[in-house]
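Quick setup: one chain, the form predicted on its own, written in structure tokens, and binding and motion questions come after.
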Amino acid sequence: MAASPKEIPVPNIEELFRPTHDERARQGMVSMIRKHAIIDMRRALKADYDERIEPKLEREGRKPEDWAAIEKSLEREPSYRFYSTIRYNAQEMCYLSVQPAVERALPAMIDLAKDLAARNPTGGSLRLNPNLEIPRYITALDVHLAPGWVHAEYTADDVAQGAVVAFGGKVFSGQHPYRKKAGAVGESISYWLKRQYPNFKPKRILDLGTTMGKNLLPYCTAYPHAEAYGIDVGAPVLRYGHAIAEHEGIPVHFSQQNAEATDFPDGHFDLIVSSFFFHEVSVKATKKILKECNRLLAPGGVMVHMELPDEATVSPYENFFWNWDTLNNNEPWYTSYRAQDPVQLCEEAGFGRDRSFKLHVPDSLTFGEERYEKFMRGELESPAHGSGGWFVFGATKQ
């Protein structure tokens, strides 16, 4: 008896990425340099500020009162300049280190992605719009210092940016051994959602700024009967993400759309999510997108976005740390986004203030079940964002 289409294994586009021995060594070195900058050098800079710089400024009557003043007090200090130099160059090298292997594999990746888009063996879909006007807040800079970011295309049916961002991200994160797959955010937020709303059973899920859909797939696992949709303005990352989802056996409907104004009908989704999305768009766009979320969300639905903590949630020094990316990581909206109150943004978008929220939730794989139960009972706080927790905001709709 012939095998049915779903019984035939779908090739994995990621397996076409085959770095040489020297390329892997380079990627490992870059991961270590970035980890050293973001963890060890960050701690050393904080210690230098606490023990030497701040006391000196306080004696002179010039103690910084906010993040901007802290940045100004540090900008000429050798410890800060060295930290920034290493961190900036390590960030660039994350993506540069994977480009040679991606370029070699690109023809085969394109062929596979085209084949899967034509067949959709798992039941997903890919809908692209070559006439979509990509916002300037995406095209003006290489966001995250990733050359070409999510949208650049160099050849027909290109998937290069999907591969560069995906594998550069693995170098960036150091491929933590407890994370065999990408999607830490989606795993953790879906875990919290199932605890917070045990009777919630969404029929349709929408992921905004989905890139390759890595944080959408865990929601599909958590809610296996829901239809999954992911949108992004970048065609290369959507082509790549569709190929991954088909290999994983998860039907996802990817479409190239601007989240400010989608073509979905009113009330079409029960759950709307995003991960590290809003700080990469302008505040004006953020407000439009949240209003669009209100339009798209069905009564009884939930909207939850994982983002950077707002300024009011953390200390002035931590605000200085987060806002480093505004000038140094090609993320010009970082600071202006974080200056907003997420709950206020939800209220302005039409959600009730009493139905809007912001909080930290623990990383589901590292926090431990016993501690998580205490967190859900209000007996234990979640770790801070970046230290074992994730900052989220959102709302429910009546």
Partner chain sequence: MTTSAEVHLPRQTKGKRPHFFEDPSIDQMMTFLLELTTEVGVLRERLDTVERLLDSEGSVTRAAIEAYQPDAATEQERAAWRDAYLKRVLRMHAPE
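Positions refer to the first chain, counted from 1. All values reported here derive from a predicted model rather than from experimental measurement.
If you look for the form predicted in complex with its partner chain, you will not find it shown, but the lines that follow are about it.
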Inset, instruction - Classify E347 as contacting or not contacting its partner chain in the predicted bound form by the rule of any non-hydrogen atom within 4.5 angstroms, answering yes or no. - result: no
Inset, instruction - Mark V314 yes when one of its heavy atoms lies within 4.5 Å of a heavy atom of its partner chain in the predicted bound form, and no otherwise. - result: no
Inset, instruction - Determine whether any heavy atom of H21 comes within 4.5 Å of a heavy atom of its partner chain in the predicted bound form, and answer yes or no. - result: yes
Inset, instruction - Could you confirm whether P130 comes within 4.5 Å of its partner chain in the predicted bound form, counting heavy atoms only? - result: no
Inset, instruction - Please state whether every one of the three residues P100, P147 and W324 places a non-hydrogen atom within 4.5 angstroms of its partner chain in the predicted bound form. - result: yes
Legend entry - Contact residue in the predicted bound form, from T221, S173, S125, T139 (heavy atom within 4.5 Å of its partner chain): T139
Inset, instruction - Counting non-hydrogen atoms within 4.5 angstroms of its partner chain in the predicted bound form, say which of F276, Y197, Y88, F264 makes the cut. - result: Y88
Inset, instruction - Choose one stretch from 240-248, 92-100, 201-209, 297-305: the one whose residues place a heavy atom within 4.5 angstroms of its partner chain in the predicted bound form. - result: 92-100
Legend entry - Residues from 35-73 in contact with its partner chain (non-hydrogen atom within 4.5 Å) in the predicted bound form: K35, H36, D40, M41, D48, R52
